[in-house]
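Next up: just one chain, as structure tokens, the form predicted alone.
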Amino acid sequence: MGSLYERLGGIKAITGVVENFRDRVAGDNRINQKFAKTDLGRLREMLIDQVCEAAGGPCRYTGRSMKDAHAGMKVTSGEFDALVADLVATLNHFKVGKTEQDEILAVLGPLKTDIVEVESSEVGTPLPRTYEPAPALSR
């Protein structure tokens, strides 16, 4: 059957999914305000590494923990759920099978407690002015 990484199509396929997902999130008014200060290039690189590693690929995620990365963002439960819906829409766009989708969502689900700081179904909440994002990646 192969690893999830292999079944997803390797790094090239994961990169395509991440880029589509990033663009979908950026256009989603339910959650895009939370990314107002985010370096989208950095986000792309971190997500590729994170998904690749979680899927059993050769990449290594070296970014901050999800708790540290989202601390002070005041992400709501509703916004987390909207993000998951955007991910599912992206996976459907790429015709990722249900088994693989379930495996990806099983990795993401437990991160909810590290990401959500506000138990509310509200979406579209602004990023707190005091939030400081990670520095841009230096190349």
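So that there is no doubt, residue numbering starts at 1 and follows the sequence shown. Computed from a predicted model, the values in this text were never measured in an experiment.
Although not depicted, the form predicted in complex with a small molecule is the subject of the following passage.
- A residue is said to contact a partner when one of its heavy atoms sits within 4.5 Å of a partner heavy atom; residue 75 meets this definition for the small molecule in the predicted bound form.
- Heavy atoms of residue 115 reach within 4.5 Å of the small molecule in the predicted bound form, making it an interface residue.
- Among heavy atoms of residue 96, none comes within 4.5 Å of the small molecule in the predicted bound form.
- The closest non-hydrogen atom of residue 67 lies beyond 4.5 Å of the small molecule in the predicted bound form.
- Here the marked residues 34, 79 and 134 all reach the small molecule in the predicted bound form, each with a heavy atom within 4.5 angstroms.
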